[in-house]
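Just the one chain here, the form predicted on its own, laid out as structure tokens.
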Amino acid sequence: MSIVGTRVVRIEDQQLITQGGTYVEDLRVEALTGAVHAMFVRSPIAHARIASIDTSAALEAPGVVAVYTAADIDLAPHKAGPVVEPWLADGVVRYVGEPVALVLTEERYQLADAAELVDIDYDPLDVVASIDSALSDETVLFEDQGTNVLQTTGGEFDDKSFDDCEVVVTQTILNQRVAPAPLEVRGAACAWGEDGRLTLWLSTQNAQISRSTVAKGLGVESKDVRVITPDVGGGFGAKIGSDPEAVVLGWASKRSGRPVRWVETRSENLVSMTHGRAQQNRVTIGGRRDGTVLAFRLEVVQDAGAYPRTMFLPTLTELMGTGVYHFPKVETSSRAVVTNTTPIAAYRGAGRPEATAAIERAMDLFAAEIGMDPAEVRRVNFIRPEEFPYSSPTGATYDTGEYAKALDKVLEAGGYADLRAEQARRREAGDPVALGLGIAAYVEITGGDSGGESGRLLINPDGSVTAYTGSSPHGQGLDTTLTMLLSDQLGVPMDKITIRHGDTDEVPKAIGTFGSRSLQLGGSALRQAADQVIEQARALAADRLEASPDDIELSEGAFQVRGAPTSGSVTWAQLAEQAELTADVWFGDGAPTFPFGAHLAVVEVDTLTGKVELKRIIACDDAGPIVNPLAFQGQRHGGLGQGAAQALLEVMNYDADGNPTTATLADYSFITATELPDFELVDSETPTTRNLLGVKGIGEAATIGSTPAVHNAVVDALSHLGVRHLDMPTTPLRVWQALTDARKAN
């Protein structure tokens, strides 16, 4: 019986729960003996010229080894999009939290006191703290660019695109800025060896990308840098690679001649680790009163923060802009602007949640305008199963999908008709606690880089297996999933299989973990490597059993002659003693896949106070065949919670002077289990043909669907009171204000 498809408890958890993990801060390795401790002095002001920096007092503080500023850094500058981002602020600071100086001390407790003695004189400049102020170009962050708009696509729209429409709706939708807030903040430790190589322990999702980035920053070859990832406490996209701090630490280690340790504080993390989302999207949707959408326009403006490190986000939103629908006319455009705020980068979904949020709000707005149930409007416009593979008007090629089926499943599981009846009853009775139903149907792209992944397999002399993967998990349970696949394929017990990852010396070539690509690409690479090892073993077994290789079969971990089980068998251990059984592959055939699903959210809104309570989420997330339902469920639970949090609570706010006003966990609200209902998960499996396993990614899907579902539910609860739209997060204050405005308007 195959172990694939059964609920297997994660093998990673035993040690994490009973002994604790080994994170960067926990490292006690010989190479770090005598390490100094590091702290970055960060700008407390959003935009200013640095008039002077005096480090003399800090250098006299107890335990201080060195204080470095931009004047000390002798590395070539690095680019963030079209502009230069200094390793340490050089002349100008452009956001609160930007690193200005680096302090090294003998003991960690000495850091804060020494850092406070670095005397920096700032000459304030006008601040660009919002997308609208950036677009005005009244103040320009980079004078040589002449504008704050640093990337533009599309924008040449047809004035007649909506001429055939009976109804046209336009709405600007804010997809607010959020902070990734991983359990483990950023940390690094580094030491140069006598061989001239840098070893860097880094809390990152991707050792190989980090190695390349750090080596390039330091001006050395990649072979001169080894990156090791210990346990990593969450990443959510913000830890895809390495931030400039890692390069500065490597440089400081070499300059000081000492190993260096660095772990940021939680408050530091909230203002200096990259943020996510931060888009302002304008949608225009038009069609007939029978529910048919004839034209759709999406205009994206991405707040890139002070340095545009990740320019693909708005274009990825454009790519997935039409979602699960077949619209005759589609137009998109995007702009990326810089502001005096923390830089924006990937965050769980990276451009796709923003696309789904925009189109799913647009569908609800259109449905409300024509007076049709939002579920029915979606059914009218879904891409049909017979249309796959489907080439979207924005350039994506969807593999497989049954969008209407997914929606029908969640509506049936949720008792949609009864919920609508209950909603009508409450409205008729004037119940102050309004019921809201929110629907979101989504499709997203996983493994979108199409770059492939590495996999290496070795059968040890005792018959155990060591597998090396370029994917680097940080909480997903990938070790368990890959072990299950290999156990099933090789017939080797799970406890005889070891998964290795996160060390560039062990896995020098890889692309790594992001974009929900690990199982479909990393898993396929190991599947391919296992196939090759099995063929090697089959040839050896054929020789020992005096049979044709074609007649040799692998059964329960031993090779035997097909149809003649009494003729003898040989084990993996016997064959591994005879010859090396190993394969090193690069799986590069996998094209992107397109998971899909539908979510139904049910909320109650107290119309007297504005308080929103999420009562139910019913979710259908189809990512193809499921290897481990327990891990699959865990990914969905995390995604649903994160999506609901954005809809209800989370926002990273700045005031008009560019000061973050939610810079501690006392102010930044993320969701806890007490605010969440038990999730109701509906199963669905539609395989893809684009990889060896038929699987699609699941890491980000539930986030993508749940955010607009909960958002739509809150608006739906208020719709009978005249509220047409309100932006996320749907906090009590914002809901109460929307109701007040609607009452005044009426």
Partner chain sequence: MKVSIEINGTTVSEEVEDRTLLVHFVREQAGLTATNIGCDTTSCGACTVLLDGESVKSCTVLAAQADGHSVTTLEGLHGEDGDLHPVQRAFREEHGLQCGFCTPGMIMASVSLLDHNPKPTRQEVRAGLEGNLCRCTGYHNIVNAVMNASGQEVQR
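This is a predicted model, so every value here is computed, not measured. Residue numbers count along the first chain shown, from 1.
The same protein also has a form predicted in complex with its partner chain, omitted here; what follows describes it.
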query	finding
One stretch from 638-646, 314-322, 81-89, 461-469 that, in the predicted bound form, holds residues within 4.5 Å of its partner chain by heavy atom	638-646
Proximity to its partner chain in the predicted bound form, single hit among Ala358, Val602, Ala336, Ala179 (heavy atom within 4.5 Å)	Ala179
Partner-contacting position among Ile370, Leu665, Leu125, Val168 - heavy atom within 4.5 Å of its partner chain in the predicted bound form	Leu665
Leu733: touches its partner chain in the predicted bound form, heavy atom cutoff 4.5 angstroms	no
Its partner chain contact at Pro385 in the predicted bound form, heavy atom, 4.5 Å	no
Heavy atom of Asp606 within 4.5 Å of its partner chain in the predicted bound form	no
Its partner chain contact in the predicted bound form: Phe670, any heavy atom under 4.5 Å	yes
Neighbours of its partner chain in the predicted bound form among 66-102 [non-hydrogen atom within 4.5 angstroms]	none
